[in-house]
Every structure is written in C-alpha cells, then in structure tokens.
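Starting off, we have a lone chain in the form predicted alone, written out as structure tokens.
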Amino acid sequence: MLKHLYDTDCVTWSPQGKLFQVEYAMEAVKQGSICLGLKSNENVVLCSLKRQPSELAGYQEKQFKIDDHMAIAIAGLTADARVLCKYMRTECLEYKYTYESHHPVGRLVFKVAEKSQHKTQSGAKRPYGVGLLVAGIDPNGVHLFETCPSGNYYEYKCQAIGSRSQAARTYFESWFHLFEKSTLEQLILHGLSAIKKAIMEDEELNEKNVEVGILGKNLKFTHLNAQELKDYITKLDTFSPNSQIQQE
C-alpha cells in the first residue's frame, strides 16, 4: 500500500498503526531551529537560536511572553505557535480577571495539550506543527514543560527541541545535576554552552542569532538585550562546569 493513501487526514490509521499527519507535525518540530530550557530552584532560562530566511530579512522571533510569570519558546511552524500563544494569553487574562491571581502553569499546559490533541481527532483539522517549551513560576515552584503536536506533555529539569537538539541534550545529561543550585548567571551560561554545542561548525554564536529569556521567583519574564548577550557569549570562552563543581 502507498503511504499517501493514509495521510490525507489525521483519523486514518495506516496498516502499521500510525497516524502519518501526526508524524509529519512531529517532524516539523524536529526541523525547526533549536530552543532549550533549563531551571534551578529559583530561576528558569529559555535559549533559542534564531534563523534569518535571507540576508534581506530579519531574524525570526522564537520566544513569546504569555504573562509576567510565564513564557514559551517554540520549534516548528511559527504561525501555529502564534495561535497557541494567543490562546494561552487569553486564558491567563480570563483567569486573572476571575480569580485575581496568576494562572497555574501546569493547568494551562494541560489545556494546551488537550487543545492539541483535539486537532488529531477530526478529519477536518490537522495537528499543530509546533512544539512548545513552557517556562513558568507559580506557588508550586519553578516549572519547565514541553508540549507536543500529538497532545503529550512532559515536565523537565532541562530539555531541548528542534534541529540538532540531541547535542544539547547530551550536554544536559552530563551537567543537569548542577542546575538545581545554579545561579541565574550560571544557568544562562549553561544554556548558551548547550546552544553552542548544537550549532553547525560554520555558524557563529552572536547577539543577533541567539535569544535568551529569564524568569525567576522575584523576576518577571524578560529578554536579555544585545549588550548583555554579547557579554555572556564572551564569558563562554572561560566558562567551565567543572569550576562550578569546585566552588560547591
């Protein structure tokens, strides 16, 4: 049987038990530019590699603020990410208007995952072709979630998604035990180090093609400006996770 007989909608199962449209959406996430997140006991950092479609175009935005206590980084189709971003912002506003407090992070991630899963249950719809890393803080602590086009969602201490993200995850596997007690500056340097491991050999990490967002228990979500990024990238030359072990 030809594969295209089973990929015209997302409710037709192939003989192998696969939903090809869901797999295509997952592949769109894998081909998106890399983004990653990592957290400590008090802070969470999002790092993204921005792409430039051509020399005449600007760099594509990869991170979106949802509320003062929550933000997302995306890998995949930006148009789909904007739809989910608008939905999350609306939910946060409605929750704040009703309960006069911030929306719990885990509950909103569940709503997004449920919305994504509904897209896989109708032949007239298609899955969202984007993966989200959701960073947030609520009374339950610091959170970092990943959502998938299939409707699955997971909570992590650190995670990377997108193109060449395996190199970043390998870096995380070696050093994630340090993140829990890391300072905000150390988290940023770890994030940039992981991004640097994942980029192509002919690419150079600079303040134009990388985006870093920070969030803490006493810090609203904010992006580092160009000068701050340049300073942190310069520090990468002398940064070593082993020195953090010696300080502890």
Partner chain sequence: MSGSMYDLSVATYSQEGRIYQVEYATKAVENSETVIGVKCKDGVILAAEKQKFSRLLEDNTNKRIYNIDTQTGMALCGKLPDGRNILQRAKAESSQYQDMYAIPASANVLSDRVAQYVHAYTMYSGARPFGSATFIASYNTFDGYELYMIEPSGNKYAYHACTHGKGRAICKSEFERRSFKDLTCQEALVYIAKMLILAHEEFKEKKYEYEMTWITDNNGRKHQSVPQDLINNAVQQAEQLIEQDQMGE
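All values reported here derive from a predicted model rather than from experimental measurement. Residue numbers count along the first chain shown, from 1. The term rigid core refers to the most C-alpha atoms you can superpose between the two forms while keeping them within 1.5 Å.
Here the subject shifts to the form predicted in complex with its partner chain, a form of this protein not shown in this document.
Annotated contacts: L5, V11 and Q159 all touch its partner chain in the predicted complex [non-hydrogen atom within 4.5 angstroms]. Not displayed here, its partner chain is kept clear of R89 by more than 4.5 Å at the level of heavy atoms in the predicted complex. Using a 4.5 angstroms threshold between heavy atoms, E114 counts as touching its partner chain in the predicted complex. Taking the partner from elsewhere, R169 is found to have a heavy atom lying within 4.5 Å of its partner chain in the predicted complex. The shortest heavy atom separation between G123 and its partner chain in the predicted complex is within 4.5 Å. In summary, the region of this chain contacting its partner chain in the predicted complex, judged by heavy atoms within 4.5 Å and restricted to 144-152, 68-76, 126-134, 90-98, corresponds to 144-152. A movement of the C-alpha atom of K235 falling short of 2 angstroms is seen between the shown form and the other one when the two forms are aligned on their rigid core.
Here N225 does not count as shifted, since its C-alpha moves by less than 2 Å between the shown form and the other one after the core is aligned.
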